[in-house]
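Shown here is one chain on its own, the form predicted alone, set out as structure tokens.
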């Protein structure tokens, strides 16, 4: 109970800090850090999509960049070629990512362990090279640029992401909603069934659970989460590029999710924030910052195999048990 209360308090403090950030950061530092904070929010959503599959279903996907890319291109093509406007383009990006996850997941979830991981990489590579070859549509490595669209227009009131504060609060609202949905999902009967599959597929099937359908459902949900993060990143950068569909993007997300704490709600955010901040701070002084990132990753794996949040929970649990004695 004490563990839950401490973590609940920290969550409220974190959310309050995120709400106050647009006014606090310009006072204590460079406004550049607002962009970094916005980027952390988006990528933490991407890491959460990987965490949902790996931490709660036991499926390690290295192909989430594929759905991230579909989210990006859904927005870009919706705005530049189809004239769908903000919400229509956003919906196109998310739905196309979900549809692609349904198609590829129908085959991928029939496999387990390293076979599953390999086929997700293969799917990612196939569509990456397809996207490269249809440059008139995707723009290839050059990508597609577009102007900031209006979020909503009511009379004289116009909200657009060209305003950094409006953009930040829009992204914060979407990411907060996704983490809330994520929390409800893992505590729902569906979430319990997924964890039963993760722990023992054979036993889950014996008690009447449809393992294939549960895995496919989780895969599609995860793809939608990745698609939403891709759509947000496209709106944030005003462009889409095929380079974000490459599997190394998925690899970064896997590292953030696992080192933050797979199977925990806050793990993806903590892992993403830590490694993006290390990258931004160290890279301004030393171009080989990746060595520091790698060293931190190795230390976390050795001394905190359950990730940073997992280690934190263990410390609180031991302290709580010590107080009872």
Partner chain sequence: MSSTIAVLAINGLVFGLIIALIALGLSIIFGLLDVINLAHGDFFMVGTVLTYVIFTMSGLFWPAFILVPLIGFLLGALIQKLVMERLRNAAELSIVATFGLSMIIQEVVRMTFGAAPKRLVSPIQGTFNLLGVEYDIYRIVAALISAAAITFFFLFLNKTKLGTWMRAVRHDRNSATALGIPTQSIFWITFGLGFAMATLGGIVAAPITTVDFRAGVDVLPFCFMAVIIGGLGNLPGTAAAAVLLSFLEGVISGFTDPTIARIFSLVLMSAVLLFRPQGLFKGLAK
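Residue numbers count along the first chain shown, from 1. All values reported here derive from a predicted model rather than from experimental measurement.
Absent from the display: the form predicted together with its partner chain. The rest refers to it.
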Heavy atom of each of 111, 133 and 288 within 4.5 Å of its partner chain in the predicted bound form: yes
statement: In contact with its partner chain in the predicted bound form (heavy atoms, 4.5 Å), from 122-130, 236-244, 220-228, 144-152, is stretch 122-130
message: Check residue 87 for me: does it contact its partner chain in the predicted bound form (non-hydrogen atoms, 4.5 angstroms)?
response: no
- request: Answer for residue 266 alone: is it within 4.5 Å of its partner chain in the predicted bound form, judged on heavy atom distances?
  value: no
- prompt: Would residue 191 sit within 4.5 Å of its partner chain in the predicted bound form, counting heavy atoms only?
  reply: no
field: 4.5 angstroms heavy atom contact with its partner chain in the predicted bound form for residue 15
entry: no
message: Counting any non-hydrogen atom inside 4.5 Å, which residue from 77, 254, 100, 197 sits next to its partner chain in the predicted bound form?
response: 254
task: Name the single residue among 274, 36, 282, 297 that comes within 4.5 Å of its partner chain in the predicted bound form, judging by heavy atoms.
output: 297
- prompt: Relative to its partner chain in the predicted bound form, which residues of 208-240 have a heavy atom no more than 4.5 Å away?
  reply: none
